[in-house]
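A single chain, nothing else alongside it, follows as structure tokens in the form predicted alone.
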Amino acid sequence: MKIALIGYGKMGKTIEKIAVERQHEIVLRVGIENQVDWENFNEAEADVAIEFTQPPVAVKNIKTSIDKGVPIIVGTTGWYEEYKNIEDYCKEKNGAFIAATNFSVGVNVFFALNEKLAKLLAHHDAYNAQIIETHHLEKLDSPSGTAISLAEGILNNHPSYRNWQNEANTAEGILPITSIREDDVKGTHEIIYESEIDRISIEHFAKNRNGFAVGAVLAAEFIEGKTGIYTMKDVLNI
């Protein structure tokens, strides 16, 4: 499979390493200094694009890939207010994309566990839920996209919560998310349910970037040759 890497920072380089190990070829590497190369790229040379950049340019990159007829895997977060527009654009152009707040296999299993736990505790009012997410200092969005996905998993399965806020909060119906930024943290997410008598928690701790990269390459392998809009649940058959 021939892959165009849109974003060639730490994640892009890690994806390249994993992709090459899986016998794929990197045919384009786009960083800050050569962004125009993506617009001028011959789409016939790539089977799929993998995009890990920054929120301000993500939507443009996705549309460019759809226009070129190249299926795209999108790991950038912080642009999801435009998700419906991109979804409509993809359908109109008969394109293909997978956007995920986190491509790690472990995190996507964690998403499923989070939804199950929310269902189990949905009618136990003694427990109050919260999310704590910790990332490196360079992460721009807060809360993390993964934390938002976890919050949505709780909101969709626990009737006591109507919305989330990125701050400590004890208001009825509000799920609090605490965001912590520390040096050299790849990503930690903890779901906590606490009562006066005990505490239940589940946690995902990323040791390195490899998990995100492996998942992104798996998604690229899945979407090659397809049209339509998919999720990591489709990729992993969860």
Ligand code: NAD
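For every residue, the number given is its place in the sequence shown, counted from 1. Keep in mind that this is a model prediction, so the values were computed, not measured.
What follows is about the form predicted in complex with this ligand, which we do not show.
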Can you pick out, from 134, 130, 160, 101, the residue that has a heavy atom within 4.5 Å of this ligand in the predicted complex?
101
Test of understanding: in the predicted complex, would residue 44 fall inside 4.5 Å of this ligand by heavy atoms?
no
Does this ligand come within 4.5 Å of any heavy atom of residue 69 in the predicted complex?
no
Does the 4.5 Å heavy atom contact test between residue 19 and this ligand in the predicted complex come out positive?
no
I'd like to know if residue 226 sits close to this ligand in the predicted complex, meaning any non-hydrogen atom pair within 4.5 angstroms.
no
If we take heavy atoms and a 4.5 Å cut-off, which stretch out of 117-125, 163-171, 138-146, 82-90 is in contact with this ligand in the predicted complex?
138-146
May I ask whether 6, 35 and 52 each come within 4.5 Å of this ligand in the predicted complex, counting any non-hydrogen atom?
yes
Residues within stretch 111-126 having a non-hydrogen atom within 4.5 Å of this ligand in the predicted complex:
none
